[in-house]
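There is one chain below, alone, in C-alpha coordinates, taken in the form predicted alone.
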(Lines give C-alpha, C1' and ligand atoms only; values in the text may rest on other atoms or scores of the structure.)
Protein backbone atom coordinates (compact mmCIF):
# COMPACT_ATOMS: atom_id res chain seq x y z
CA UNK A 1 0.00 0.00 0.00
CA UNK A 2 2.82 2.41 0.91
CA UNK A 3 4.58 1.76 -2.41
CA UNK A 4 1.36 2.49 -4.29
CA UNK A 5 0.78 5.75 -2.43
CA UNK A 6 4.35 6.91 -3.06
CA UNK A 7 4.16 5.92 -6.74
CA UNK A 8 0.83 7.70 -7.26
CA UNK A 9 2.05 10.84 -5.49
CA UNK A 10 5.31 10.91 -7.44
CA UNK A 11 3.54 10.37 -10.78
CA UNK A 12 1.04 13.16 -10.10
CA UNK A 13 3.80 15.53 -9.03
CA UNK A 14 5.95 14.85 -12.08
CA UNK A 15 3.01 15.10 -14.48
CA UNK A 16 2.08 18.51 -13.07
CA UNK A 17 5.56 19.99 -12.65
CA UNK A 18 7.93 18.19 -15.03
CA UNK A 19 6.19 18.72 -18.35
CA UNK A 20 8.12 18.38 -21.64
CA UNK A 21 8.05 22.17 -22.02
CA UNK A 22 9.46 22.59 -18.51
CA UNK A 23 12.22 20.06 -19.18
CA UNK A 24 13.27 21.86 -22.35
CA UNK A 25 13.49 25.11 -20.40
CA UNK A 26 15.83 23.78 -17.69
CA UNK A 27 19.28 25.13 -18.46
CA UNK A 28 20.76 26.42 -15.20
CA UNK A 29 19.94 27.18 -11.58
CA UNK A 30 17.86 30.24 -12.42
CA UNK A 31 15.60 28.38 -14.83
CA UNK A 32 15.38 25.42 -12.45
CA UNK A 33 14.23 27.44 -9.41
CA UNK A 34 10.44 27.34 -10.03
CA UNK A 35 10.44 23.59 -10.76
CA UNK A 36 12.72 22.82 -7.83
CA UNK A 37 10.55 24.79 -5.42
CA UNK A 38 7.57 22.58 -6.23
CA UNK A 39 9.65 19.39 -5.99
CA UNK A 40 11.04 20.49 -2.61
CA UNK A 41 7.57 21.27 -1.28
CA UNK A 42 6.50 17.68 -2.03
CA UNK A 43 8.45 16.37 0.97
CA UNK A 44 10.35 13.78 -1.07
CA UNK A 45 13.74 15.37 -0.38
CA UNK A 46 13.86 13.93 3.15
CA UNK A 47 12.10 10.67 2.42
CA UNK A 48 15.29 8.70 3.14
CA UNK A 49 16.37 10.71 6.18
CA UNK A 50 15.83 8.91 9.50
CA UNK A 51 12.68 9.81 11.41
CA UNK A 52 14.75 10.86 14.42
CA UNK A 53 16.37 13.49 12.20
CA UNK A 54 13.14 14.84 10.77
CA UNK A 55 12.73 12.62 7.72
CA UNK A 56 10.34 9.86 6.70
CA UNK A 57 12.84 7.06 7.32
CA UNK A 58 12.02 5.19 4.11
CA UNK A 59 14.39 2.72 2.47
CA UNK A 60 15.93 2.98 -1.00
CA UNK A 61 13.52 0.29 -2.20
CA UNK A 62 10.52 2.21 -0.86
CA UNK A 63 11.56 5.40 -2.63
CA UNK A 64 12.30 3.66 -5.94
CA UNK A 65 8.91 4.78 -7.38
CA UNK A 66 10.04 8.41 -7.01
CA UNK A 67 13.15 7.75 -9.11
CA UNK A 68 11.15 5.84 -11.71
CA UNK A 69 8.69 8.72 -11.99
CA UNK A 70 11.52 11.22 -12.42
CA UNK A 71 12.94 9.07 -15.21
CA UNK A 72 9.57 8.69 -16.93
CA UNK A 73 9.42 12.47 -17.24
CA UNK A 74 13.12 12.89 -18.16
CA UNK A 75 13.74 15.17 -15.17
CA UNK A 76 17.29 16.57 -15.60
CA UNK A 77 17.49 17.97 -12.06
CA UNK A 78 19.32 15.81 -9.47
CA UNK A 79 16.28 15.09 -7.30
CA UNK A 80 17.41 11.59 -6.31
CA UNK A 81 21.00 12.77 -5.77
CA UNK A 82 19.73 15.47 -3.42
CA UNK A 83 17.64 12.91 -1.53
CA UNK A 84 20.67 10.61 -1.10
CA UNK A 85 22.99 13.48 -0.21
CA UNK A 86 20.66 14.92 2.43
CA UNK A 87 20.41 11.48 4.00
CA UNK A 88 24.20 11.04 4.12
CA UNK A 89 24.70 14.55 5.51
CA UNK A 90 22.11 13.98 8.22
CA UNK A 91 23.68 10.63 9.12
CA UNK A 92 27.05 12.37 9.52
CA UNK A 93 25.42 14.82 11.98
CA UNK A 94 26.16 17.76 9.70
CA UNK A 95 23.78 20.61 8.89
CA UNK A 96 21.76 19.87 5.76
CA UNK A 97 22.06 22.78 3.32
CA UNK A 98 19.14 24.12 1.34
CA UNK A 99 18.97 23.83 -2.42
CA UNK A 100 20.03 21.34 -5.05
CA UNK A 101 22.83 18.91 -4.21
CA UNK A 102 24.62 17.03 -6.97
CA UNK A 103 26.90 14.01 -6.55
CA UNK A 104 30.20 14.00 -8.44
CA UNK A 105 31.13 10.87 -10.36
CA UNK A 106 34.89 11.30 -10.08
CA UNK A 107 37.46 13.78 -8.80
CA UNK A 108 41.18 14.38 -9.23
CA UNK A 109 43.83 16.84 -8.11
CA UNK A 110 45.11 19.17 -10.82
CA UNK A 111 47.72 21.86 -10.22
CA UNK A 112 46.63 22.36 -6.63
CA UNK A 113 42.95 22.39 -7.51
CA UNK A 114 40.20 19.78 -7.18
CA UNK A 115 38.50 18.89 -10.46
CA UNK A 116 35.32 16.82 -10.53
CA UNK A 117 32.91 15.44 -13.11
CA UNK A 118 29.45 16.32 -11.81
CA UNK A 119 26.27 15.06 -13.49
CA UNK A 120 23.68 17.89 -13.40
CA UNK A 121 26.35 20.14 -11.88
CA UNK A 122 25.00 23.13 -13.81
CA UNK A 123 21.96 23.10 -11.49
CA UNK A 124 23.76 22.48 -8.20
CA UNK A 125 23.99 24.70 -5.14
CA UNK A 126 26.22 22.13 -3.38
CA UNK A 127 28.20 19.11 -4.58
CA UNK A 128 29.27 15.92 -2.82
CA UNK A 129 32.73 15.14 -4.20
CA UNK A 130 34.59 11.82 -3.72
CA UNK A 131 37.38 12.21 -1.18
CA UNK A 132 39.36 9.11 -0.27
CA UNK A 133 37.05 6.63 1.45
CA UNK A 134 34.26 9.21 1.70
CA UNK A 135 33.07 12.47 0.23
CA UNK A 136 33.36 16.16 0.93
CA UNK A 137 30.53 18.70 0.60
CA UNK A 138 31.52 21.76 -1.41
CA UNK A 139 29.71 24.92 -2.45
CA UNK A 140 29.04 25.04 -6.18
CA UNK A 141 29.51 28.80 -6.34
CA UNK A 142 33.14 28.34 -5.25
CA UNK A 143 33.87 26.33 -8.39
CA UNK A 144 34.45 27.19 -12.01
CA UNK A 145 31.89 25.29 -14.12
CA UNK A 146 32.20 24.02 -17.64
CA UNK A 147 29.47 21.97 -19.33
CA UNK A 148 30.77 18.99 -21.32
CA UNK A 149 29.45 15.99 -23.21
CA UNK A 150 26.20 17.64 -24.36
CA UNK A 151 24.77 17.74 -20.87
CA UNK A 152 26.31 14.47 -19.69
CA UNK A 153 28.14 16.17 -16.84
CA UNK A 154 29.59 19.47 -15.73
CA UNK A 155 33.32 19.83 -15.09
CA UNK A 156 33.80 21.77 -11.86
CA UNK A 157 37.07 23.08 -10.49
CA UNK A 158 37.68 24.20 -6.89
CA UNK A 159 40.85 26.03 -5.87
CA UNK A 160 40.21 25.18 -2.23
CA UNK A 161 38.30 22.08 -1.08
CA UNK A 162 36.90 23.17 2.25
CA UNK A 163 33.71 21.62 3.57
CA UNK A 164 32.19 18.94 5.82
CA UNK A 165 33.50 15.44 5.20
CA UNK A 166 31.23 12.41 5.03
CA UNK A 167 33.26 9.26 5.76
CA UNK A 168 32.17 6.05 4.06
CA UNK A 169 29.97 7.69 1.42
CA UNK A 170 30.58 5.97 -1.95
CA UNK A 171 29.60 8.65 -4.45
CA UNK A 172 30.18 6.47 -7.52
CA UNK A 173 28.11 3.56 -6.21
CA UNK A 174 25.29 5.80 -5.04
CA UNK A 175 25.25 7.74 -8.30
CA UNK A 176 25.23 4.58 -10.41
CA UNK A 177 22.25 3.17 -8.50
CA UNK A 178 20.33 6.41 -8.93
CA UNK A 179 21.06 6.59 -12.65
CA UNK A 180 19.91 3.03 -13.27
CA UNK A 181 16.58 3.65 -11.54
CA UNK A 182 15.88 6.84 -13.47
CA UNK A 183 16.93 5.16 -16.72
CA UNK A 184 14.36 2.42 -16.12
CA UNK A 185 11.69 5.10 -15.76
CA UNK A 186 12.74 6.60 -19.09
CA UNK A 187 12.69 3.13 -20.69
CA UNK A 188 9.16 2.55 -19.39
CA UNK A 189 8.00 5.85 -20.86
CA UNK A 190 9.67 5.08 -24.20
CA UNK A 191 7.93 1.73 -24.30
CA UNK A 192 4.50 3.19 -23.46
CA UNK A 193 4.91 6.00 -26.00
CA UNK A 194 5.99 3.58 -28.71
CA UNK A 195 3.10 1.19 -28.04
CA UNK A 196 0.61 4.06 -28.29
CA UNK A 197 2.13 5.26 -31.55
CA UNK A 198 2.12 1.75 -33.03
CA UNK A 199 -1.58 1.42 -32.24
CA UNK A 200 -2.47 4.90 -33.55
CA UNK A 201 -0.35 5.05 -36.71
CA UNK A 202 -2.10 3.33 -39.61
CA UNK A 203 -0.42 2.05 -42.76
CA UNK A 204 -1.97 -0.05 -45.53
CA UNK A 205 -5.33 0.20 -43.82
CA UNK A 206 -4.38 -0.98 -40.31
CA UNK A 207 -2.28 0.10 -37.29
CA UNK A 208 1.41 -0.62 -37.78
CA UNK A 209 1.32 -2.43 -34.42
CA UNK A 210 -0.65 -5.20 -36.15
CA UNK A 211 2.27 -6.07 -38.43
CA UNK A 212 4.28 -9.05 -37.22
CA UNK A 213 7.67 -7.39 -37.73
CA UNK A 214 6.65 -4.45 -35.56
CA UNK A 215 5.05 -6.72 -32.96
CA UNK A 216 8.29 -8.64 -32.65
CA UNK A 217 10.22 -5.43 -31.95
CA UNK A 218 7.63 -4.30 -29.42
CA UNK A 219 7.90 -7.67 -27.68
CA UNK A 220 11.69 -7.32 -27.45
CA UNK A 221 11.30 -3.80 -26.05
CA UNK A 222 8.80 -4.95 -23.42
CA UNK A 223 11.06 -7.81 -22.35
CA UNK A 224 14.04 -5.47 -21.96
CA UNK A 225 12.03 -2.98 -19.92
CA UNK A 226 10.77 -5.66 -17.52
CA UNK A 227 14.30 -7.05 -17.12
CA UNK A 228 15.64 -3.57 -16.45
CA UNK A 229 13.00 -2.91 -13.82
CA UNK A 230 13.87 -6.16 -12.05
CA UNK A 231 17.55 -5.15 -12.01
CA UNK A 232 16.67 -1.73 -10.57
CA UNK A 233 14.62 -3.39 -7.81
CA UNK A 234 17.55 -5.64 -6.89
CA UNK A 235 19.92 -2.66 -6.71
CA UNK A 236 17.43 -0.67 -4.59
CA UNK A 237 17.02 -3.63 -2.22
CA UNK A 238 20.79 -3.70 -1.63
CA UNK A 239 21.99 -0.11 -2.23
CA UNK A 240 25.40 -0.80 -0.69
CA UNK A 241 26.11 -3.88 -2.80
CA UNK A 242 28.63 -3.21 -5.54
CA UNK A 243 27.62 -6.45 -7.24
CA UNK A 244 23.90 -5.64 -7.37
CA UNK A 245 24.50 -2.08 -8.57
CA UNK A 246 27.07 -3.20 -11.14
CA UNK A 247 24.71 -5.85 -12.50
CA UNK A 248 21.97 -3.22 -12.77
CA UNK A 249 24.23 -0.68 -14.50
CA UNK A 250 25.30 -3.25 -17.10
CA UNK A 251 21.86 -4.78 -17.65
CA UNK A 252 20.00 -1.49 -17.81
CA UNK A 253 22.64 0.28 -19.87
CA UNK A 254 22.70 -2.41 -22.53
CA UNK A 255 18.91 -2.65 -22.55
CA UNK A 256 18.50 1.12 -22.79
CA UNK A 257 20.52 1.24 -26.00
CA UNK A 258 18.26 -1.30 -27.71
CA UNK A 259 15.01 0.13 -26.33
CA UNK A 260 15.87 3.59 -27.65
CA UNK A 261 16.79 2.16 -31.06
CA UNK A 262 13.50 0.26 -31.33
CA UNK A 263 11.48 3.28 -30.21
CA UNK A 264 12.96 5.50 -32.89
CA UNK A 265 12.68 2.80 -35.55
CA UNK A 266 8.97 2.24 -34.86
CA UNK A 267 8.31 5.98 -34.99
CA UNK A 268 10.04 6.13 -38.37
CA UNK A 269 10.75 9.54 -39.89
CA UNK A 270 8.92 11.48 -37.18
CA UNK A 271 11.27 9.90 -34.65
CA UNK A 272 14.11 11.95 -36.12
CA UNK A 273 12.54 15.31 -35.28
CA UNK A 274 13.79 17.11 -32.19
CA UNK A 275 10.30 18.46 -31.45
CA UNK A 276 9.11 14.96 -30.57
CA UNK A 277 9.15 14.34 -26.80
CA UNK A 278 10.69 10.95 -27.55
CA UNK A 279 14.05 12.72 -27.78
CA UNK A 280 13.88 13.87 -24.17
CA UNK A 281 13.67 10.24 -23.06
CA UNK A 282 16.29 8.81 -25.40
CA UNK A 283 18.67 11.64 -24.48
CA UNK A 284 18.08 10.85 -20.80
CA UNK A 285 19.16 7.27 -21.51
CA UNK A 286 22.26 8.46 -23.38
CA UNK A 287 23.36 10.56 -20.44
CA UNK A 288 22.54 7.82 -17.96
CA UNK A 289 24.70 5.26 -19.74
CA UNK A 290 27.73 7.57 -19.57
CA UNK A 291 27.31 8.81 -16.01
CA UNK A 292 28.89 7.10 -12.98
CA UNK A 293 30.71 4.50 -15.06
CA UNK A 294 29.77 2.92 -18.36
CA UNK A 295 28.71 -0.70 -18.89
CA UNK A 296 32.30 -1.89 -19.62
CA UNK A 297 33.56 -0.28 -16.41
CA UNK A 298 30.97 -1.99 -14.22
CA UNK A 299 31.23 -5.25 -16.15
CA UNK A 300 34.96 -5.33 -15.39
CA UNK A 301 34.38 -4.65 -11.68
CA UNK A 302 31.72 -7.34 -11.57
CA UNK A 303 33.97 -9.80 -13.40
CA UNK A 304 36.83 -9.18 -10.99
CA UNK A 305 34.50 -9.79 -8.06
CA UNK A 306 33.38 -13.10 -9.59
CA UNK A 307 36.98 -14.24 -10.10
CA UNK A 308 37.93 -13.22 -6.55
CA UNK A 309 35.04 -15.09 -4.94
CA UNK A 310 36.43 -18.09 -3.04
CA UNK A 311 35.21 -21.63 -3.81
CA UNK A 312 31.95 -20.61 -5.45
CA UNK A 313 30.27 -21.25 -8.76
CA UNK A 314 28.88 -18.38 -10.80
CA UNK A 315 25.38 -19.39 -9.73
CA UNK A 316 26.40 -19.26 -6.07
CA UNK A 317 27.90 -15.82 -6.64
CA UNK A 318 24.71 -14.49 -8.21
CA UNK A 319 22.55 -15.97 -5.47
CA UNK A 320 24.60 -14.53 -2.62
CA UNK A 321 25.96 -11.27 -4.06
CA UNK A 322 23.29 -10.03 -6.48
CA UNK A 323 19.98 -11.50 -5.30
CA UNK A 324 18.93 -10.64 -1.75
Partner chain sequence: MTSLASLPPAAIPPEDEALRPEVKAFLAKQLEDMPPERRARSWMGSDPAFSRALGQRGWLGLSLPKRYGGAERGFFARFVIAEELLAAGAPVAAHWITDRQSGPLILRYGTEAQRAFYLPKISAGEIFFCIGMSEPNSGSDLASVRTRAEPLPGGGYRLNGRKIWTSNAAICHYMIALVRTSGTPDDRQKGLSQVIIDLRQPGIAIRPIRDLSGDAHFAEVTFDDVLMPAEALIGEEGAGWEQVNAELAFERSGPERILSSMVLVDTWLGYLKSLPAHGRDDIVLVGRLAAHLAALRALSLSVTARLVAGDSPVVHAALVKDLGTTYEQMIPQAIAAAIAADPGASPPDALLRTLAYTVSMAPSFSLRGGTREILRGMIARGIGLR
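Keep in mind the model is a prediction, meaning the values are calculated, not measured. Positions refer to the first chain, counted from 1.
Another form, the form predicted together with its partner chain, is not on view; read the next lines as being about it.
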Out of 164, 99, 209, 239, which one falls within 4.5 Å of its partner chain in the predicted bound form, going by heavy atoms? 209
Only hit among 92, 147, 142, 220 for heavy atom within 4.5 Å of its partner chain in the predicted bound form is 220
Establish, in the predicted bound form, whether 250, 297 and 319 all lie within 4.5 Å of its partner chain, using non-hydrogen atoms for the distance. yes
Residue-level question: is residue 302 within 4.5 Å of its partner chain in the predicted bound form, judged on heavy atoms? yes
Heavy atom of residue 192 within 4.5 Å of its partner chain in the predicted bound form: yes
Heavy atoms within 4.5 Å of its partner chain in the predicted bound form: does residue 203 have any? no
4.5 Å heavy atom contact, residue 108 and its partner chain in the predicted bound form: no
Which of 226-234, 76-84, 164-172, 150-158 sits within 4.5 Å of its partner chain in the predicted bound form, heavy atom basis: 226-234
